[in-house]
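Below, in structure tokens: the form predicted on its own, a single chain.
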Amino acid sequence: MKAVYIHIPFCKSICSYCDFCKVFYYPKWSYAYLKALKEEIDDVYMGEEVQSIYIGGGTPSSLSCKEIDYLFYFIKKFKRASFCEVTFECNLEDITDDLLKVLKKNKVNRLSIGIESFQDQNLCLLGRNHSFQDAKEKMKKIRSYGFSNVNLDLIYAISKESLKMVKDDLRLFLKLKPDHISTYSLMIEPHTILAHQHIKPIQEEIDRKMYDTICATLKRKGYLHYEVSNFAKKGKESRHNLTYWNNEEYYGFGLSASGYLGNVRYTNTKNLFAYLKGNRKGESQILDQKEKMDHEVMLGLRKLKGINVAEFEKKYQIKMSDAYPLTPLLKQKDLTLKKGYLAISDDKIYVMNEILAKMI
């Protein structure tokens, strides 16, 4: 077992673009939720050693410090590897001395902060409210508490955003000296505020230029582009997310949380009141051999390094070229094969979904 994901669905405000499972923070619900979360972990966790714990949401930092302390009290039962990565998602406005003290006390060693943008136009559309000065002061405070692994989220391709605005955001993000940057092209998902406002997505050509600019800029500034949307300083790659991309097993605890155990992929219920009553079951899928391989390909090719062909063939007892049409894709230079790793060609990363469709 490699990893544990824990979902905290509470938020103090609802962002216009977010389609994750979330509800407004309300203490009566949050205490009941933590109790139900503890019961799920007690029922399901089998005592394996884990290499990463990721607490996401929602907004985990919307919980009170007392609630966060209680959360870490009952997840002490996870048997942690000596190098266990423990990530906690925060909103910028929630970062205080009290929060950082409780996280440090509970051995959190990685923070992930949803900044998204510093452009006033973007912040207004996304429903966020902060400035670069706010971020600069909070990052200084974070570093003063000894946190040496901090991820910042960047959203781009926002409606009416220009390439100049993306470049300005990159400049400001880099001034904060994050250890890791996750980048996301804005998707207008159904049932979000943006969808109800009939906001249109940006043109694909502009989106592509923005992505190429981000990749080139961060590479020039010393960040390793190790996954389609993720960039890290050396040694700061997200161990937790690599569990997903390596198609390894992980627990998912909490409302709407997904997990992968044995040959089953599952997602818990999205109904808060059902979850509070202990009715956690949502969707699940029992995977056959072909489906397992397909997941391995779809996830593994998100990594810039790609898939270790020998390990794949040993795991599934089949030649990869017998399972997938590699020869034509290699000839067309959609794929590359270097030092035993099959990867999507660097200049084709943006259209990887088209290449995956040819493979699977």
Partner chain sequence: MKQKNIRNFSIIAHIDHGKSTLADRILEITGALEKREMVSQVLDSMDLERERGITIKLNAVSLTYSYQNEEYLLNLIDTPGHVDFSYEVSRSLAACEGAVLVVDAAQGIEAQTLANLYLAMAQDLKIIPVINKIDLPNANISKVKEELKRVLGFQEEEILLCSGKTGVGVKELIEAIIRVIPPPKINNDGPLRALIFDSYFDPYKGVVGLIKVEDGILKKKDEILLMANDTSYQVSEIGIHTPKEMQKEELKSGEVGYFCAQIKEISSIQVGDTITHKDYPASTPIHGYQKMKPMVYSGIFPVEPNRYEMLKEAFEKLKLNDAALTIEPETSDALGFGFRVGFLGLLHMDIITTRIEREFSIPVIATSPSVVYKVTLTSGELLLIDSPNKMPEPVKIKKIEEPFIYTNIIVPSEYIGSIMELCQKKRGIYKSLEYIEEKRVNIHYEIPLSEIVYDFFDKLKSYTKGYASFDYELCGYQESHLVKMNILLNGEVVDALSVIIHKDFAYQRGKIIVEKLKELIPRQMFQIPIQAVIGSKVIARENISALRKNVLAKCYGGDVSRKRKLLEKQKEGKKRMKTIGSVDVPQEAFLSILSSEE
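Positions refer to the first chain, counted from 1. The structure presented is a predicted model; accordingly, all values stated were derived computationally and were not measured.
Keep in mind that the form predicted in complex with its partner chain is missing from the display, and what follows is about it.
If the criterion is a non-hydrogen atom within 4.5 angstroms, does every one of Phe83, Leu103 and Glu237 touch its partner chain in the predicted bound form?
No, none of Phe83, Leu103 and Glu237 comes within 4.5 Å of its partner chain in the predicted bound form.
Against its partner chain in the predicted bound form, would Tyr223 count as a contact residue? Criterion: heavy atoms within 4.5 Å.
Flag for Tyr223 set to no.
At the 4.5 Å heavy atom threshold, is Asp19 in contact with its partner chain in the predicted bound form?
Asp19: yes, in contact with its partner chain in the predicted bound form.
Answer yes if any heavy atom of Asn91 is within 4.5 Å of a heavy atom of its partner chain in the predicted bound form; otherwise answer no.
No - in the predicted bound form, heavy atoms of Asn91 and its partner chain never come within 4.5 Å of each other.
Partner contact for Glu67 in the predicted bound form: its partner chain, 4.5 angstroms, heavy atom
Because no heavy atom of Glu67 falls inside 4.5 Å of its partner chain in the predicted bound form, the answer is no.
Name the residue from Ser258, Thr213, Gln119, Asn246 that puts a heavy atom within 4.5 Å of its partner chain in the predicted bound form.
By the 4.5 Å heavy-atom cutoff, the listed residue in contact is Ser258.
Find the only residue in Leu304, Ala36, Leu299, Leu330 having a heavy atom within 4.5 Å of its partner chain in the predicted bound form.
So the residue touching its partner chain in the predicted bound form, by this definition, is Leu299.
Taking the partner as it appears in the predicted bound form, which of 215-223, 285-293, 137-145, 162-170 has residues with heavy atoms within 4.5 Å of its partner chain?
The contacting stretch is 285-293.
Of 213-250, which residues get within 4.5 Å of its partner chain in the predicted bound form if you count heavy atoms?
The stretch touches the partner through Val228, Ser229, Asn230, Asn241, Tyr244, Trp245, Tyr250.
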